[in-house]
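Before any questions on binding or motion, here is one chain by itself as structure tokens, the form predicted alone.
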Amino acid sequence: MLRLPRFTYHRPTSAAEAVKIAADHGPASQYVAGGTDLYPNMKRRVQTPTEVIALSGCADLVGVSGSAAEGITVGAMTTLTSLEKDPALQAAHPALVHAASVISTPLLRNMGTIGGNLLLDTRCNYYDQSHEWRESISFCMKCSGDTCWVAPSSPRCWAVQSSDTVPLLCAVGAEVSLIGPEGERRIPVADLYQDDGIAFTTKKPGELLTHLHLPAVDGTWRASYRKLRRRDTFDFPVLGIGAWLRFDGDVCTAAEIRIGGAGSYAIPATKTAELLIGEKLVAGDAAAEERITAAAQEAFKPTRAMDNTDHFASWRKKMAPVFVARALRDCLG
């Protein structure tokens, strides 16, 4: 049986109080939201904070506010179930609601939060194992070792980003607010991440992610999320596609496609987006279907499928154009 290590449990009542506790204890502290990611990692001894700061008592981090026309703000401690069932989000951001609905199981969505999913730890076949298993092959670079077993000659860690909401939120241009010892800042979701399996976020030490800000809905753009996994009931994505298209009539004027589950961050499919801009895209039109298929094929190149998660890497890479095309078709309505 895997057991939690000993730690001191703090339960602040506000974001400001939580940040102060983190500042007082430094690197030994860690925030916990729903605990669906941190506690299993602590049981496996891949994360070992001695001061755990629970955010469940911070009422200022919960809830949905704003409007579709002005933009909606979601507190980081809002559960995935609450997000999935919120009428305003269902109407304004159905793609996000869908992405939340396919995360894990209903029980874990009842506990897991949008903030926790945004900061989900990167995953790897050689990292997400028990302490004894990892010790038997020698520890990996992400935890105590000096070798990335996915690519032993590589100087970096290749653990994979497996959040369902991140590719979509990067694609639609959402933003997040963070508060820390140096004050508060607001940045695009895409700027929260960097291409490194260990230092996969740009969040500063002690900073707390407090809110997610969704863009205004004006009827000119559509978004979609498509997920590939072995078991549709609860598995992490081995490929997660976030797609966003803006239209002027039937003509695509802007596009953003992000590939999750295939790298340490949500990889932009830049060439795919470029091939769609300026094109007339109408659902059911044969010419539009040809353009989408050709553009989606360009997603094969940036997809970095490796031996770091489920399924054969070569097959996952081949599936990238297929799922990009499906996500783009969703955006056509």
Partner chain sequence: MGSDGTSGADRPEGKHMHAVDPATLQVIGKPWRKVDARSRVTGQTRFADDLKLPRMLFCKLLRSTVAHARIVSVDTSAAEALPGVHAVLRGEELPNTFGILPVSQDEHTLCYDKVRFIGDPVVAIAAVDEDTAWDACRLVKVEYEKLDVVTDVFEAAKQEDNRIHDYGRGGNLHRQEHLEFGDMDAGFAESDLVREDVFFFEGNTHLPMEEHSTLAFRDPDGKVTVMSSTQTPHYLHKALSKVLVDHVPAHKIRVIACPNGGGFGGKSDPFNHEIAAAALSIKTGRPVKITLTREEVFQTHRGRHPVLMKSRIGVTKTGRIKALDFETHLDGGAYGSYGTASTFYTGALQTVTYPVENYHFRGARWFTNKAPCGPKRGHGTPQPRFGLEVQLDKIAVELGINPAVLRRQNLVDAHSLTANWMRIGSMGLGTCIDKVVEGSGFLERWGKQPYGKGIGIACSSYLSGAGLPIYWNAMPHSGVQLKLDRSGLVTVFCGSTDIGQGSNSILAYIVAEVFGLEPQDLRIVTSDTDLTPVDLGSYSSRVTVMTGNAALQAAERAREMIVGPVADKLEVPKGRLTFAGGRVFDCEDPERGMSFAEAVQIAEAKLGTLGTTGSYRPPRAAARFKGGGVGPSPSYSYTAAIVEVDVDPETGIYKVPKIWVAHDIGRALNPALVVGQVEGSVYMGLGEAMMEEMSYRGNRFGVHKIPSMLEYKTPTSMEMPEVVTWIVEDPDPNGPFGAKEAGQGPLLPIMPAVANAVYDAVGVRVDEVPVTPEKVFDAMQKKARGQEGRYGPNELPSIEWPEPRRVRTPWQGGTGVEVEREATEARS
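Keep in mind that what you see is a predicted model, and the values were worked out from it rather than measured. Numbering follows the first chain given and starts at 1.
There is also a form predicted together with its partner chain; it is not shown, and the following applies to it.
Heavy atoms within 4.5 Å of its partner chain in the predicted complex are found in one stretch of 113-121, 126-134, 195-203, 174-182, which is 126-134. Of the heavy atoms in residue 319, some are within 4.5 Å of its partner chain in the predicted complex.
In the predicted complex, at least one heavy atom of residue 152 sits within 4.5 Å of its partner chain.
For residue 280, no non-hydrogen atom is located within 4.5 Å of its partner chain in the predicted complex, even though that partner is not displayed.
Although the partner is absent here, residue 236 is a contact residue: one of its heavy atoms lies within 4.5 angstroms of its partner chain in the predicted complex. Using a 4.5 Å heavy atom cutoff, none of 20, 191 and 222 lies near its partner chain in the predicted complex. Between the options 248, 232, 218, 146, the residue in contact with its partner chain in the predicted complex by a heavy atom within 4.5 angstroms is 232. In the predicted complex, its partner chain lies within 4.5 angstroms of at least one heavy atom of each of the following residues of 296-312: 307, 308, 310, 311, 312, in sequence order.
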